[in-house]
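Below you'll find only one chain, the form predicted alone, shown as structure tokens.
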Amino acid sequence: MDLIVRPTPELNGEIGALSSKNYTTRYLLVAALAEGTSTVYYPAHSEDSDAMRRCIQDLGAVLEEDEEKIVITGFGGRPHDVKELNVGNAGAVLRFLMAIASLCPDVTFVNSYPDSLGKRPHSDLIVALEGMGVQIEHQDGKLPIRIRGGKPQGGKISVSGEVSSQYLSALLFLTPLLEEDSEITVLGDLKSKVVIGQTLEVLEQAGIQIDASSDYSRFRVPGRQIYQAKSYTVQGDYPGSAAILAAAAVMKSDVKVHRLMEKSKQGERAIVDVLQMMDVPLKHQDDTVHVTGNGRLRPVEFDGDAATDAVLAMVAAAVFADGTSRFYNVENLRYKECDRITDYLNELKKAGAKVEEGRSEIIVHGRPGGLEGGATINAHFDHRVIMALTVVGLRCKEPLLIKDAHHVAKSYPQFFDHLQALGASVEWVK
């Protein structure tokens, strides 16, 4: 479905942050890998987390769910012999489960999103798993991917961190279950190190011991470990909330977003710091972010690698800053649901933004008077692009039509409901 975003004079109100997608998928996975029954409170409900639910059930986990929690009886280190898994358009779920599926004799991951996830590369993880004795059939590193495993071997393992940290996370979930101890070496410059911190945090909560070097270049993982059944509470989601906070920042507003932990390990918590650097009137206390926007923003320079999933929202805010902003060290944005540098900036230009790209940077020449708008936007099936372009549309002089905006459900199905509750003029069109 398509969506019209109309100019909106102001935003007011309070919402509770969506539960974190990253933590939900990780908690669901460690609960499935546990011996016994675990409970995950306040799980995210999105296409990504639903994909993890579906696939761990296929692999043998038993799930019981109500409004506040999921109770999961795990399959331990012995997933069922399943022939096919469908992760939808969820790249992290695919990569985590490629590692776990190597414990199965023969599994094929199907290609149900050929124009999005089907175009994304997974070669670095494939190479690492093949080095562990797993046989893999693939299409130049892309889906469909057939994994013939059963008995992956630990020991010395190497994996590239140049494209994505998800490959390393996948191996960190798998190696504690192997017979041998493992030593994982990360090749190249590891992207999104802060997300590895989240993975290690969840593994530690699940009773798994891993010795990590301070720079995350080496990991020692004892084998023959057992995931423990635990109770987990999912915190509020900064990546999704980033777009809400950016929208409040670029216009007149009085907006509160609750359930955003001040000491969260989510790298995207940096959206709060960046908006403060841009002189947005903002307070963060008692796990609530309170924005009283006036539409006036200073430009900013920011290393985006630590906050990958908030960069597009930051760029949307910078579109209206009084000066030139630069977001650097963001090349891994090119390897997401779409090329989040070239594709996103091309759509921003249609709305009237003045933006430039480098291989690993985005430069924004702010237009504090607003943009013309009046354009039809292709969001490239990408939930983050949809949310960020919506922020821009609220300050355009003429409406924006965002094609296929329903793909926002990949991470934040209630995004437009929340915006409407705050007073945004957005509506679905057929």
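Start at 1 and count along the sequence shown; that's the residue number. Bear in mind that the values here come from a model prediction, so they are computed numbers and not experimental data.
Just so you know, the form predicted together with a small molecule exists too; it's not on screen, but the next bit is about it.
Contact check for K256: every heavy atom lies farther than 4.5 Å from the small molecule in the model of the complex. At a distance threshold of 4.5 angstroms between non-hydrogen atoms, A90 is in contact with the small molecule in the model of the complex. In the model of the complex, at least one heavy atom of R120 sits within 4.5 Å of the small molecule. Within this chain, K336 lines the site of the small molecule in the model of the complex, having a heavy atom no more than 4.5 Å away.
The listed set Q166, S182, S325, Q266 contains one residue whose heavy atoms approach the small molecule in the model of the complex to within 4.5 Å, identified as Q166. Listed stretches are 60-68, 383-391, 364-372, 28-36; the contact stretch with the small molecule in the model of the complex is 383-391, by a heavy atom cutoff of 4.5 Å.
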